[in-house]
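A lone chain, given as structure tokens: the form predicted on its own.
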Amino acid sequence: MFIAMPSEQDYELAAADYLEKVIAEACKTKEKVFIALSGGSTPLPILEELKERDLNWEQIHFFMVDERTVPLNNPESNFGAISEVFFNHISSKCYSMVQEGKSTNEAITRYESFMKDLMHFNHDGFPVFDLILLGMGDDGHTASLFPGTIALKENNKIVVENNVPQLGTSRITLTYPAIISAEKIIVLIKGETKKKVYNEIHTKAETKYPMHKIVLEREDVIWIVGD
């Protein structure tokens, strides 16, 4: 599904409206609702608006789709940035991929343990999120699944550390099968470059864009697209 938003203000408000409706519906039918959020600049004002909505926040557990391997108080931290505008203002449970005082591998193990303790897993051994909120870069990456990186080939693990040579860094990310297992996937994108990537993904049988694999596996992905 393609949902077009004509202006920046309309985009943020309408996206928050849509997310509110999706989350409220999940809260009506489930005792606990599990949502994974992506970092980046696009979702932050939407989440800032969403926090003002009258949702049953106590029912909701928020996880992260991906994270930079930096301390939580680092300006580059996805969890830290979302906490400032969203997590710190609601009464939901929120889980970080990075744990103070723990190595990346230890933090990943602990992160996965939260899912295993709380969530339903499918027959392939992956957690089933009620909603995963994704973004997409100009290079077609989503989560921290970047073109040419090793994590694109991971089919067995839930969360991995992914070396990203083009950025000179590493990231922590949900894998393809963990994302594809979600009940609902919503992608937030803005700008002409990302619209061009969207069009290529939906008109070509094969591209270099990591997002393409998710679209091929899940025809029901919802795209909220702004100028």
Ligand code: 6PG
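We number the residues from 1 along the sequence you see. Quick caveat: nothing in here was measured; it's all calculated off a predicted structure.
Another form exists, predicted in complex with this ligand; not displayed. Remarks below refer to it.
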This ligand contact at R68 in the predicted complex, heavy atom, 4.5 Å: yes
Any non-hydrogen atom of G40 within 4.5 angstroms of this ligand in the predicted complex: yes
I132, heavy atom within 4.5 angstroms of this ligand in the predicted complex: no
This ligand contact in the predicted complex: P127, any heavy atom under 4.5 Å: no
Contact segment among 85-93, 109-117, 139-147, 152-160, judged by heavy atoms lying within 4.5 Å of this ligand in the predicted complex: 139-147
In the predicted complex: members of 186-219 within 4.5 Å of this ligand, any heavy atom: K194
